[in-house]
Structures are given as C-alpha cells and as structure tokens.
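Quick setup: one chain, the form predicted on its own, written in structure tokens, and binding and motion questions come after.
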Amino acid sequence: MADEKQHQFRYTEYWQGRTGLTFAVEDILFSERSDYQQVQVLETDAFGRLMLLDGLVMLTEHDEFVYHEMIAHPALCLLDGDAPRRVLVVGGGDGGTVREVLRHEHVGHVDLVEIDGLVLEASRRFFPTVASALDDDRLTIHVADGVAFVNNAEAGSYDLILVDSTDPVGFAEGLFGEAFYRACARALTARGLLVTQAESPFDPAFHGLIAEAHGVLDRLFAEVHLYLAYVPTYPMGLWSFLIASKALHPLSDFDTAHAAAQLAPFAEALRYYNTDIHRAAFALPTFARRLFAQD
C-alpha cells in the first residue's frame, strides 16, 4: 500500500529555471492579497509554518531564528557604550528582527516601518513566537513606505538601521538604491551602523546586486563588510548581509567580553549567534571575496 505522504500537496519555490526547493504542505492556513502582494501561510511537514510573499519564502518556523539573529546581533554587539540606543527597522513586518533587537536592554526605542499591514496581521496570527515583541512598549510601528520614512528622518537620529527587506523587485526595489543608502547615512549618528540583507552570493543572479550595493555603501561609509549565515530555506542556503559603519570595524572594534556581557541576559534564547559566530561570519570563501575587493 502506498504511503499517503507521497500524495500530499507540495509547493516549490523556483530559483533558476526549474531548480528550487520543494515543501510538502499539510494545509493552506492563510491566503490574501494586499495592495502590494499576495501573503500566504502554509503548514509544512518539515519546517512548520511557512510564510510566502508573492510566492517567495520569507520565513519558516524552524529556521527563521538564523536570519533574524544574524541581521540584528552582530551590529548591536558592536555598538560601544551602554547609552540607550535608537534603532530603525525597515521592513521586517513579521516581527522577528524586532524581537531580536529588543532582547538588548540598552535599546531604548525601535521604529518598525513596514509598508504592508497584512504581513503584520498574518505574523501576529500565525507566527506568535516570531511576532512576540510587536507589542513591546519600546516599539513604535509605522505602516508606511520605508524609503519615504528614512528620507524624512532627522539627521543623526538613529544608532542603527536594519534593512530587513524582500528581494529587490517591485515596491522593495528602492531599498537597494544609492539614494536610499545616502538617506540612511544621513539619519545615522557619527558612530552609527547600517545592516542590510544582501541575498545569496551563491546565486549568480545576485552577484551584480551585491557588488553594486557594496560599492555604493563604500562611497558613503568608512567601513563596509559582507558577512554570511546559513539559512536552509533561502535560495542556495548561504545568505549574506552587508554591514556599513561611519567609524566601527566589525572585527577590530568587536570587544568579545563586552558582547558576551550584552548577550548574557538572553544567551540561552539564542540558537545561532554567539561571539565565535560573529568573527567566523566575516571569514568569506574565495568566490564571495571575488565579488568585490575586500579591505
């Protein structure tokens, strides 16, 4: 008798032509179209609940922690001193990046700017552990265009800006341009940091984007560096981030003892990031180094 699992519904996100990653789907929990995109939540057999935006995998319950920890903690642990910090998260309506940022006691206020309110709604309803910090008193949620928000921000108003965006198409395309990065640089303090997700360096389709983004940021910031993390359900598995700073180097200015002290109150909650991973993430394989000249 055939195993009934062989007959269940499957969903494939295609990356290049007919190549992609296939999920066995137990149920379709949510599917609605906003003014911007189709938002769907699927129940899968191996990765738990899965959120799709216009058919692209945004997060799964079982591996979301990797991306969210790695976009937030390397920069937060690099910030020196213990003064209350102001953080801006552009995108990130699922709430995972905000959750990680707000673990840090020295963060005084966070602005979350998400253009699509339906993403916030779906995450609150179907991913409560990811959206767990969306009601934190230190957080202000703005359902608005991130590019316009940054353009209108006061100069020097943030210590850290995290760009937790979708792929650079459609309404998200402006989050990868020089004008946006220039506005971010203006909105940061003199020792401020910018982190943006930068797609997969394993995918040739994104080599130009990574190189171009690095080049633009290099003209605006004193330090620009690529770092990596392994996210199983993202295209090719290997994912990259760019960190840019007006003053701080992500390795030579990284104080391991200070970072460990910052992480100590919630270290048990972390499943990917630690001080050793911080340093290792900046060790790039040769093919990634060749995308641009590293300092």
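Because the structure is predicted, anything quoted here is derived from the model rather than measured. In case it trips you up, residue 1 is the first one in the sequence shown, and so on.
Same protein, other form: the form predicted in complex with another copy of the chain, not shown, and the subject of what follows.
Please tell me whether any heavy atom belonging to Ala229 falls inside 4.5 Å of a heavy atom of another copy of the chain, as the geometry stands in the predicted complex. Answer yes; at least one heavy atom of Ala229 falls within 4.5 Å of another copy of the chain in the predicted complex.
4.5 Å heavy atom contact, Asp27 and another copy of the chain in the predicted complex: Answer no; every heavy atom of Asp27 is more than 4.5 Å from another copy of the chain in the predicted complex.
Phe65 versus another copy of the chain, in the predicted complex: is there a non-hydrogen atom within 4.5 Å? Result yes; Phe65 sits at the interface with another copy of the chain in the predicted complex.
Ala261 within 4.5 Å of another copy of the chain in the predicted complex, heavy atoms: Judged by the heavy-atom cut-off of 4.5 Å, Ala261 is well away from another copy of the chain in the predicted complex.
Pick from 51 to 59, 252 to 260, 32 to 40, 234 to 242: which stretch has non-hydrogen atoms within 4.5 Å of another copy of the chain in the predicted complex? Only one stretch qualifies here: 234 to 242.
Only counting heavy atoms and a 4.5 Å limit, does any residue of 251 to 289 reach another copy of the chain in the predicted complex, and if so which ones? Heavy-atom contacts to another copy of the chain in the predicted complex: Ala267, Glu268, Leu270, Arg271, Tyr272, Tyr273, Asn274, Asp276, Ile277, Ala280, Ala283, Leu284, Pro285, Thr286, Phe287, Arg289.
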